[in-house]
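Given as structure tokens, the chain that follows is alone and in the form predicted alone.
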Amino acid sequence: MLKIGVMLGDDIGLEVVPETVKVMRAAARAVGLEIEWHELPLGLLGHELHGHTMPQYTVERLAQTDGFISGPIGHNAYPRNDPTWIMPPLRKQFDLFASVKPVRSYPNLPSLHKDVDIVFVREVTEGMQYSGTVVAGSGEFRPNDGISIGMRVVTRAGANRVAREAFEIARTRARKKVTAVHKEPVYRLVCGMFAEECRNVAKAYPDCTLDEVLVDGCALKLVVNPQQFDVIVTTNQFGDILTDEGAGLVGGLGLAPGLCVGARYAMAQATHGSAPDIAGRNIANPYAMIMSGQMLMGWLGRTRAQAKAARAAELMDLAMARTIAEGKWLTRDVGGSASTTEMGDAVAQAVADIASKTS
């Protein structure tokens, strides 16, 4: 039996995460997969119940799961200079070293490009040191009022494991192609080490191909001809920028799911924020969160050798594609008039329908 933690987060998280669980339950039921669900407080609810936005209670119970779902956190509204109100550093806590973000265009949804199907794999524990990725202190400092300095860190171990994750994903896809994005001619040591490890890892995957693109060239090629890319692996800050560019190609952050993965755990977490301006209105698009759950299901299938979980992920993918193709139960941001709940219901029903026809 698999164990999955569920954290609603803040604002629209209270609306889109339940739809995600609804669809995942439907897929698990269709394939006979047993899942034990554990709802845990995080964000505002965590503070209300335990005095902290990332309660130790939640951390301890998440450690007993196989993976978890995290809704968006409304940290912009949190009080400043109070250590009990923080953006919960779950990636750091559970060593989730890679952020996996697919971008995909659909024929009947507006997008800058058609036939786009890219998976970005971004290293998220190193690179330009965001405050949540250092053990103590900060990766930035200002020795005097006229100078500010920021660190950039790449380790062989960190580059190797994110490259390996990219190749593992590429191996499951038709084109089996990995593009390593860096700026080695300028940053010869840090980008050089990242590129070296991508090349080293590629030797263990003879069924896949590796090419390399400089980050500025990649930004251009994504705009002009994104169809040339399959799986893109890159460092932290480069990936932070390129993944949002990728989402913009296919319709925006409402269509941008994500999965943070580590050696032991994975966390489904959509790219978008908590959208307080539309919270409580039942109009938020659940696509990104549902497809983040789909990615978690697929990861569990691959890493836990769970064929039923892999099949459940496939059903969720097919069901979402069918719902979008039919166009009847889409939210307003993608041209429909359905509510969040109605779209979730439609995807869950499509899971059951597809399963019954293929069983």
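The numbering used is simple: start at 1 and walk along the sequence shown. A quick note: this is a predicted structure, and the numbers were derived from the prediction, not measured.
Omitted from view is the form predicted in complex with a small molecule, to which the following refers.
In the model of the complex, the small molecule lies within 4.5 Å of some heavy atom of residue 274. Taking the partner from the other structure, the small molecule in the model of the complex has a heavy atom within 4.5 Å of a heavy atom of residue 285. Among residues of the shown chain, residue 254 is one whose heavy atoms approach the small molecule to within 4.5 Å in the model of the complex. Taking the partner from elsewhere, residue 76 is found to have a heavy atom lying within 4.5 Å of the small molecule in the model of the complex. Here the marked residues 12, 278 and 333 all reach the small molecule in the model of the complex, each with a heavy atom within 4.5 angstroms. The stretch from 183-191, 146-154, 265-273, 206-214 that comes within 4.5 Å of the small molecule in the model of the complex, counting heavy atoms only, is 265-273.
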